[in-house]
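Next comes just one chain, in structure tokens: the form predicted on its own.
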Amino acid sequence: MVKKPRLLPPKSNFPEWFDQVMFLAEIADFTYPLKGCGVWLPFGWELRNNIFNVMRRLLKETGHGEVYFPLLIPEGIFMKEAHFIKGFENEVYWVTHGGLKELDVKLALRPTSETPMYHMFSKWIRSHADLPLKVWQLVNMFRYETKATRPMFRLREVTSFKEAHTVHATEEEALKQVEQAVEIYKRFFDQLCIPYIISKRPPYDRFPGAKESIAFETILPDGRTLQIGTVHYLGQTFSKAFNIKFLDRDGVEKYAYQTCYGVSERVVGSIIALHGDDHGLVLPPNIAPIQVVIVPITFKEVPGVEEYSKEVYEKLKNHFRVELDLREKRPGEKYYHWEVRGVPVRVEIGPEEMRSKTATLVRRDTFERIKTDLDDVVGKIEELFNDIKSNMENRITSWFESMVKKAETFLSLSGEAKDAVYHLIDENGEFKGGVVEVPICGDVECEMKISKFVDILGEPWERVGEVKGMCICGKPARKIVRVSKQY
């Protein structure tokens, strides 16, 4: 692969920094000649796999089976649920020809998999003994994105769409599954050091066909929020559309209750964006494709450094994902190469380390240097991994919490909402960044006024029903909503 001669700009220039760090770190190349589509590169694909393997383990632990459904969806199946179609009608790619022949039935490229899955669920489920059904898949999906596309965040081909779908006998069981899904996502994002808020979406911004939608959002360095995961309670909307019925223990045939929940490669983009610095990526050790890199510092007049470096490699290879860099390049070039890729620990081996049977460890998050005996190197690196993850969590959590504010009342001017979001909008009308929790009366008219200036994320999930303050219209608030600017 031919590399473009680029230097990484400072992270303060976030859009350009993000695009170039993805390229220089060999995560993905979005110069592919189709807007909203990119090419995963080997290092990025391994990072992506490590991330979704965390989710794979969590879903297996909670009784979800992994499946795969076809990419192509016959029009007749796709059109079965009216609310769903209305929500996606402007985003669907249609296949109308096979070669030169026009197809008898149009085929949709999967924008999500409710319709083909639920068509099959209606064939699989016959009695209460078949429930609960809990399956998931990791696939690509296509949406004709009409807004500006953005690498990792807003795509036309989403290449890493994890969607889980469950079917239950009762509403109570389905609602408990929603709670379990939220807990799965909490554990997932916590293991990836991604901070988040969880919000209950307003009725007009729910997933098509859902009775309730819950969204996980993080805040990117430019202050805008990014939706990184969703959980939906579907009720019986789709079971009635697709005839998903079961014979209950009382001998009565009933419609099932359903849930679904998904994440995508936005998770990969969030890790890059949140933890990276002016030197490139900073990766949590548990998901880094290469956890440790060994860099020999050789001198012609001092033989044996490479041999000792190989000894260190043998010591580490059964414990970590480790790389021994024997390329004929200067140490500084090698340092840059691995720093931009976010390798958590660099092991420097020079004549002094060779003579004293030691190793010098450099941690990527702080660039602190630690010398350790060869006999202790495995334990010391494991200790550093824990310290690095803890430091990453503390650093990003502190920043994230500073970006979420509360307002006890709206400030209003001539009935308009601009001053109501004074925490987010400066005197020039520019977005300052972050999230503000504000009181609102609950009237859609007031929410629409606010949405002219900022996006409404919804009510705090763990504090739904909490009320304090006055709405922009002067009425007492009936709920608290979060507002921000979204990707």
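Keep in mind that this is a model prediction, so the values were computed, not measured. For every residue, the number given is its place in the sequence shown, counted from 1.
One more form of this protein, predicted in complex with a small molecule, exists but is not displayed; see below.
Listed stretches are 360 to 368, 390 to 398, 93 to 101, 221 to 229; the contact stretch with the small molecule in the predicted bound form is 221 to 229, by a heavy atom cutoff of 4.5 Å.
In summary, among the residues Ile287, Met152, Val312, Ala273, the only one with a non-hydrogen atom within 4.5 Å of the small molecule in the predicted bound form is Met152. Residue-level contacts in the predicted bound form: of Glu179, Asp278, Glu173, Glu145, one residue has a heavy atom within 4.5 Å of the small molecule, and it is Glu145. Although the partner is absent here, Met141 is a contact residue: one of its heavy atoms lies within 4.5 angstroms of the small molecule in the predicted bound form. In the predicted bound form, Phe161 approaches the small molecule with a heavy atom inside 4.5 Å. Using a 4.5 angstroms limit between non-hydrogen atoms, Pro132 is distant from the small molecule in the predicted bound form. For the chain shown alone, Thr112 is a contact residue for the small molecule in the predicted bound form, at least one non-hydrogen atom being within 4.5 angstroms.
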